[in-house]
Structures are given as structure tokens and as C-alpha cells.
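Coming up is one lone chain in C-alpha cells, specifically the form predicted on its own.
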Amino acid sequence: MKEWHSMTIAVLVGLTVRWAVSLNSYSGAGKPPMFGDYEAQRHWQEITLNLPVQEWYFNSSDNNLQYWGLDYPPLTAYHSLLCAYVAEFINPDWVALHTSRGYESDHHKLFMRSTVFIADLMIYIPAVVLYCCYLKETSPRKKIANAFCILLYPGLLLIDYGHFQYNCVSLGLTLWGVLGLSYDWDILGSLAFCLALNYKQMELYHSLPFFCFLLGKCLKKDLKGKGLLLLIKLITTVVAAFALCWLPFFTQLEQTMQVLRRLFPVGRGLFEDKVANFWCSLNVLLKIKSLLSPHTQLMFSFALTFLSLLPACLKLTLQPSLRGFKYALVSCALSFFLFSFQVHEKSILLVSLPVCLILNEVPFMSIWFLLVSTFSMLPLLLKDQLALASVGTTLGFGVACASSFSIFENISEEELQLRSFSVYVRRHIPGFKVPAKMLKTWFLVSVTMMSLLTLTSITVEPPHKLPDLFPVLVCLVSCLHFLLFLIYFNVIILWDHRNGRSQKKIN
């Protein structure tokens, strides 16, 4: 009873911080003609309410795709339509065709903020609480600390409640999928993840670990017996879920193709803004867009992404375990973020979610990553006038994590999950040791560097000849961190010999 009381307090604190962040400005506030992501979400409500479903993804006089045209899968459109019905009931002016563009009023802001808050409260937060409450081999205090820190992760708060999006829906559905697989409810877990994928196509970052883990389970059960039955059930579930979500768009081939073109706009090129991934960082030294044709860029991106995630996927397929599944989620999502095509700053949240799932296993490295992931979005957050909210939530998260997990007290090979790797290396290099204690110094240097860059970006005007100096530095520093994290997580995956026998997992 005491545990649930403490968990309730943790949730209430998380909700309070969310509402406090929502009091800040949002993306594009008062900045015509496009305004920002807030207007994009409102405009999708306007379009889905006033136009027939066949016109949602097509350019027309009533639906100018250059003005925040729908570019997410059908489930996002249905969610927008649901919100639009409520908005029309409260005030039809909020979703009136054409005339509602750029609508900004205090009552409408309250309504839009409430839609994010309710979605978060219904989908993401319950999944976090359930995941943390039923962590096996974890004390009640650690379960509460785990939930508290995940709910205070500043990256998601700042993007959903500050920048304004509904990432809590897709990430929450993915977490429900992880919970389903953790309980061996593979059909329900697959269904939840299919819904996540039909809400945001970026959930492809998580798709290969789900596929490889379930395929590995089928192979382990023997494809001539129970494994074949499970495989048929999974295929039926996936096909049925996609068919239901896409049914209105299957009436004509052109309808289906138009939605796919909107979801995967490869014509935009390899990258747009200053994102902390490999291609944007490399572009500082080599002007990739000038040197390579768009087709060549796409091929290089596909090849590098595929090669970087292949080891983790092969290991998970051959040796499926819940522990391996969670680490593969981190590794594959990070590979997609670093090397794939058309990555956005906010996509780092897709890596942060699985990192939150292993927070209790490798707290030091997980907290470090989550701090870097928030820092990597700094240029976007400053553009949305979220400097104070960004600094405040990051400081609060850092203090909560440091006090909850005591991350500096015991940094060892065992705590870093690198014992197997060290034993392997010592066979060839006697005396080798992971520089565990040195990591504390590296962490402090890293945090200091990020703090100084944040302070400088907020208070100092960049040189006239280098207006993008600070965003580029943020990009380079973050990308270097992410590359090192990718190596670290892959080392854990490839040298893990436990195969789930003694893992900390959900019961």
C-alpha cells in the first residue's frame, strides 16, 4: 500500500511538471504565415473534420499540402478527427475551414494543451507505472525512483508540452507493446505496436527488434509446431490491424500511394535542419548534398543504417530474450537516428524511450544518454522560446536521478554491464580493464561542456559570419556522444551470454 502511495505522489509530481511546462510558449506562437507545430496539429483537426477522408492526403483548393499537409499515418488523422469533434462542440471557430488558420486564443490553447495532457494520462503514464511496478528483482524504492525519473524525462515534456506534439501516444503504445511481450502476451503486444506504427511512421525505429524478437521466439518453439501457430497468429494480427487502420485508403491504389508518398518524402533530401546525427555532422567537413546525388545519398544512408543495426538484430533473432530485446530497441533506434534518411531533432525521443526501460539496469549510462538527448534538441527548444523550461526541467531531472540512483557511488564493470566483454578482452590483452572510474571524469566534462554551450547559446550572439555556430557545435558534440553510446550498447548486446536466465525483467 505504501508503495502505491509513493507511486501516486511520483505521478502527481510528473503531472504537475507537465502542466507547468505547458504554460510556456509553443512552436510558432504568433509567427505567421506558417506558425508552427501547434498550428499543424490544429490544422489537421480542421482538415479531417471538414473534408472527406479521400481528400485528407491530397492537394486541393481546400487542402494546401504546403500548409501543414497531413504527413503521418491514418491513426494520427483519426485522433485529429476525434479532437476536432470535441473542438467543434466547444467552439466551431476553432476548426472552421480556411478561417481558423493561425487561430490563437487562451481558451483554444487550454483545449489543445488538455488534449495532450489527456492522451498522456490515458496511454503513456499508465504504461510507465505498470512497467516500473512489476520490475522483478527490484526493490519498491527503486521501482518508484525509476518511474519518477522516467516521468520527469525533460525531452518528452519539452517536445509534447512546449514544442507541442503527441509523441506520448506513439511512445505509450510502443511501451504497451513492450509490456505485452514481457508478459508473453505476444498477440496483444504486437497489436499495440502496430497501433504505434500506424500513429507515427518513425516507430519503424523500433520495428526490427519487435520483428526479430518475435521471429526468434517462433523459431525457438519450432516452426513445425507451436512456433508455426504463433507465427500465423502474429501475421493475422498485424495484417488485421493495418487493414483496419488503412481501410478508407485501400479503395483506390492512388489513395494508398499518395499516403505513402506523404509518409516517406524521400524527395526532400538526406537532411534539413541541424540534427545531431552522422550526416549533419559529416556535412560540416564534407558538403554531402553537393558531392552526392539524392539517389546516392539514399543508398549510402540505407547501407550504413542496415549494417549498423545488423549485429543486434541477428543476435536477437538467434538468442531471443527480453533483456536482449530491450537493448536491441536502444541500439536499432540509435542506428536509425544516426544514419537513416530525413531524421528530425525530435526523433531522438525514439531512442530515449528504450533507454528509459533500462534505467534500472545501467543507471549511470542511461542518465548520461538522456541528458545528452535533451541537449541535442537545444536549437529547436530555443527557437520555441523554451530556454527557461529546458534548463529548469533538465536540472530537476538531473538532481532527481542523481539522488535516486546514486550513480557516482559504484561505477564498475558489473554496473556498466561490461563484465563479459572485459573477460573476453583479457584473454587477448592481459590486465585490460574498462576505465570505469575515468567515466566519472568524462561524465563531468561532458555535463560541463553541455552546460557551457547551453549558457552560451542563450546569452551570446553568434559571429555575424557564422550565424549557425552554436547549433553546429551542439550537433557535433551530441553526435560524438551518440556514436560512443552506439558502440557501448552494441558491446553489451554482443557479449551478453545470459540469454535472459538471470536478467532483471518484468514478471
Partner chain sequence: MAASGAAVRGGGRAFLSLALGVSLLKCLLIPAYYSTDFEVHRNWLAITHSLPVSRWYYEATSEWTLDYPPFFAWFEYTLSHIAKVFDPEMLNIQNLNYASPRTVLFQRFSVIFTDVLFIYSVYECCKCIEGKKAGKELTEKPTFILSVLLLWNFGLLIVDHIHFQYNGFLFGLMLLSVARLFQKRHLEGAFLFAILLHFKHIYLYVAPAYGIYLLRSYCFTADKPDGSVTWSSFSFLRLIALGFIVCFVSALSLGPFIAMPSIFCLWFKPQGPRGFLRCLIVCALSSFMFGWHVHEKAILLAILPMSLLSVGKPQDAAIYLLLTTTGHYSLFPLLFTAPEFPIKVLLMLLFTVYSFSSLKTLFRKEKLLNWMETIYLVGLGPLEICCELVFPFTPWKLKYPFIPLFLTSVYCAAGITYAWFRLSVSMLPGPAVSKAKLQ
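Predicted, not measured: the structure shown is a model, and the values here were computed from it. Residue numbers count along the first chain shown, from 1.
This protein has a second form, the form predicted together with the partner chain, left out of what is shown; the following refers to that one.
*Asks:* Any chance all of 23, 395 and 399 sit within 4.5 Å of the partner chain in the predicted complex, going by non-hydrogen atoms?
*Replies:* Judged in the predicted complex, 23, 395 and 399 all sit within 4.5 Å of the partner chain.
*Asks:* Would residue 17 sit within 4.5 Å of the partner chain in the predicted complex, counting heavy atoms only?
*Replies:* Yes, contact at 4.5 Å.
*Asks:* Considering non-hydrogen atoms and a 4.5 Å limit, does the partner chain approach residue 403 in the predicted complex?
*Replies:* Judged by the heavy-atom cut-off of 4.5 Å, residue 403 is in contact with the partner chain in the predicted complex.
*Asks:* Could you tell me if residue 136 has a non-hydrogen atom within 4.5 Å of the partner chain in the predicted complex?
*Replies:* It does not: once the partner chain is placed as it appears in the predicted complex, residue 136 has no heavy atom within 4.5 Å of it.
*Asks:* Would you check, heavy atoms only and a 4.5 Å threshold, whether residue 233 touches the partner chain in the predicted complex?
*Replies:* Flag for residue 233 set to no.
*Asks:* Within 4.5 Å, heavy atoms only, which of 75, 389, 371, 181 is in contact with the partner chain in the predicted complex?
*Replies:* Residue within 4.5 Å of the partner: 389.
*Asks:* Taking the partner chain in the predicted complex as the reference, which of 318, 303, 110, 118 has a non-hydrogen atom within 4.5 Å?
*Replies:* Exactly one listed residue reaches within 4.5 Å, namely 110.
*Asks:* Name the stretch, out of 438 to 446, 476 to 484, 40 to 48, 23 to 31, where some heavy atom lies within 4.5 Å of the partner chain in the predicted complex.
*Replies:* Stretch with heavy atoms near the partner: 23 to 31.
*Asks:* Only counting heavy atoms and a 4.5 Å limit, does any residue of 120 to 146 reach the partner chain in the predicted complex, and if so which ones?
*Replies:* Result: 141 alone.
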